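Take a look at this single chain in structure tokens; it is the form predicted on its own.
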């Protein structure tokens, strides 16, 4: 494993949010450590790129196999650092494994050199496009999905031929350390080349990495922090991918399968204690089925139980400060006429127990309330009655966020049309967050949810630069890019253009 982070900035502890037990001690890397990491990565990136598509593919598949074999070990570490149930951690790692596999197997097809048609006016030229690695990628990861989310950048950047410096969240550095170590043991195969490096620390470390001279930054976090990252990156014209928060909506049509919709809303909104950027935070239900849906959702939510023991539905809030955000949103919603369900909740404080938050459904909440407008990132859901699917789409699109969404309808055609109408980067039809199960689908948002894409072919291209090559294989019949051209050459070229492009086309 490559860390090399001796720092004068001090150290920090990572703790289990459920027990308070210290898991490990890590250095806070600063500008000097970030610059040294980039310097090492420069040489490593050249070595890694020169291995070629096949060798990189094989090494990444070896890494994937290692992660798969040690899945339970990694899941326990994720459980310890985040508090999420071990089975949820296992499922997160499964998705990450699928992405390593897809990136490794498809990088050559997506990024390798391929011919494009030169056009009639340039038939003497052979035209190719290829995608070359950027060099060194800085990945700043989150704590809520410390394996899956950063892997959407790390695996794709590595498959594209780059070296990567990974700065995990200060809440999950041990998970980041495990990933880097497992890569060195398998994909590195004993090589001293630090293709994947670890840089631990807090926001200061992320700032140092952003300004260290990396060729691109892949950031996951809040929109406020993304703005700071972008401002710092602008000094060097360093491009940024920003995957920020969400306020995802689930829309229930009048003919929807209500059992499936209620189950999806409960899982999408409350799994991982609601600490999911694509989690369901708003539900819009067509008036004819509103009461029935609400009863079904309430029944499911009432059965959920937060805790750290086996059998708990979800764990504690990983970041303690998020509890105050949840408290503020709940208090504001109730003060403005909202109703909190289940009915056993007599006050906002009944929902909060130390580091745990009980599941809460909020109804009758105004659309301009904080619980509807701002990302809550907790186990709460607002549910609103709407006159139609179209009104649900309009209200869903009124958000400044635009990451994901879900639509439930008895008509798949109507649901797909609604998915297209939603101002989001992704949408699920008669399911929730299902687009995350398909590695070939790009993932990212619009508006306050950020820009750029990870996953799929678009995700691979984010970590490469297009290189165009035009090669002349025969002499042009009408050379015009020369001072030796004749009037006849120009006339021949203009005649061809007028013939091909100057005719009126019949109306279709």
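Values in this document were obtained by computation on a predicted structure and should not be read as measured data. Residue numbers count along the first chain shown, from 1.
There is another form of this protein, the form predicted in complex with a small molecule, and it is not shown here; the text below is about that form.
The closest heavy atom approach of residue 443 to the small molecule in the model of the complex falls within 4.5 Å. Proximity of residue 319 to the small molecule in the model of the complex falls within the 4.5 Å heavy atom cutoff.
The shortest heavy atom separation between residue 341 and the small molecule in the model of the complex exceeds 4.5 Å. The small molecule is not drawn, but in the model of the complex it has no heavy atom within 4.5 Å of residue 363. The listed set 178, 356, 143, 102 contains one residue whose heavy atoms approach the small molecule in the model of the complex to within 4.5 Å, identified as 143. Proximity to the small molecule in the model of the complex, defined as a heavy atom within 4.5 Å, singles out one entry of 133, 221, 392, 378, which is 221. From the list 294-302, 307-315, 378-386, 241-249, the contact stretch for the small molecule in the model of the complex under a 4.5 Å heavy atom rule is 241-249.
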